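Listed next as structure tokens is one chain, alone, in the form predicted on its own.
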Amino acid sequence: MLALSGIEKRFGALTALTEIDLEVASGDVLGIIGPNGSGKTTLLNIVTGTYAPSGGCISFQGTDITGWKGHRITRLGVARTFQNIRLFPTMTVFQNVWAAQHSRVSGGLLGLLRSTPTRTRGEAGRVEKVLEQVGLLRDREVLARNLSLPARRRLEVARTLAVDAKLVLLDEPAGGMTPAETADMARLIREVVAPGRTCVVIEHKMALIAGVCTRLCVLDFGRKIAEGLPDQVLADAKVREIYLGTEDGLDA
């Protein structure tokens, strides 16, 4: 479904990514791990069109999307969450998911606001279904800024589900959560997000990664140092070495 070939990214004299080759097959749940600053979020930003690569090419479902703008990539069926949560804080839970659907409607957000009554009812029903899936239906009228951290992260996930994405990219979906909250997020990804979709998950918490991912890719200093089945990758001596002494080590 997604193929990266020779991806490089430079910011002036700083090289953030070097010769990244990676394939994500349809139905995969790929985990990308690595120390802070290893290039994980930069890689997601390139896939979603936030950054253009300095070298290499990106293919999504056989289409070369190298250098495409984010809105074009979104309309192909790619959605993401962010490490630093990006919601509309003064809008309700319902309105946040409603607004996310603008990428599915011709004419963008203005097109959504001008939808016909029949289409509007259909879109509203879809929003409520998604909120029920992530456990936020009862909070539909709550302002996003008044939600707990776990609820805000579930709301971000709901926004990706609302656009019926084929490829979902989750950037630290359990960031800042307790072990119990992390386990809840892992169940949400495993039971709601992953079925019928292809997923890429960036996360430091190995309990979540081991519980939801079918394959792992490890980055270090912008280079891919390991890839394969989770048990094999997590047992790799070099992978364990780069995590020694980190707050979120391999046993976290």
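These figures come from a predicted structure and were not determined experimentally. Position 1 is the first residue in the sequence shown; the rest follow in order.
One more form of this protein should be noted, the form predicted in complex with a small molecule, which is absent from this view; the next part is about it.
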Should Gly39 be counted as a contact of the small molecule in the model of the complex, where contact means heavy atoms within 4.5 Å?
yes
Is there a non-hydrogen atom of Ala16 within 4.5 angstroms of a non-hydrogen atom of the small molecule in the model of the complex?
yes
At 4.5 Å between heavy atoms, is Gln95 in contact with the small molecule in the model of the complex?
no
Close approach of Pro35 to the small molecule in the model of the complex, 4.5 Å, heavy atom:
yes
Could you tell me which one of Arg215, Arg197, Lys224, His204 places a heavy atom within 4.5 Å of the small molecule in the model of the complex?
His204
Where does the small molecule sit in the model of the complex: which of 185-193, 23-31, 41-49, 64-72, heavy atoms within 4.5 Å?
41-49
Assess the spot marked by Phe11, Gln83 and Glu172: is the small molecule within 4.5 Å of a heavy atom from every one of these residues in the model of the complex?
yes
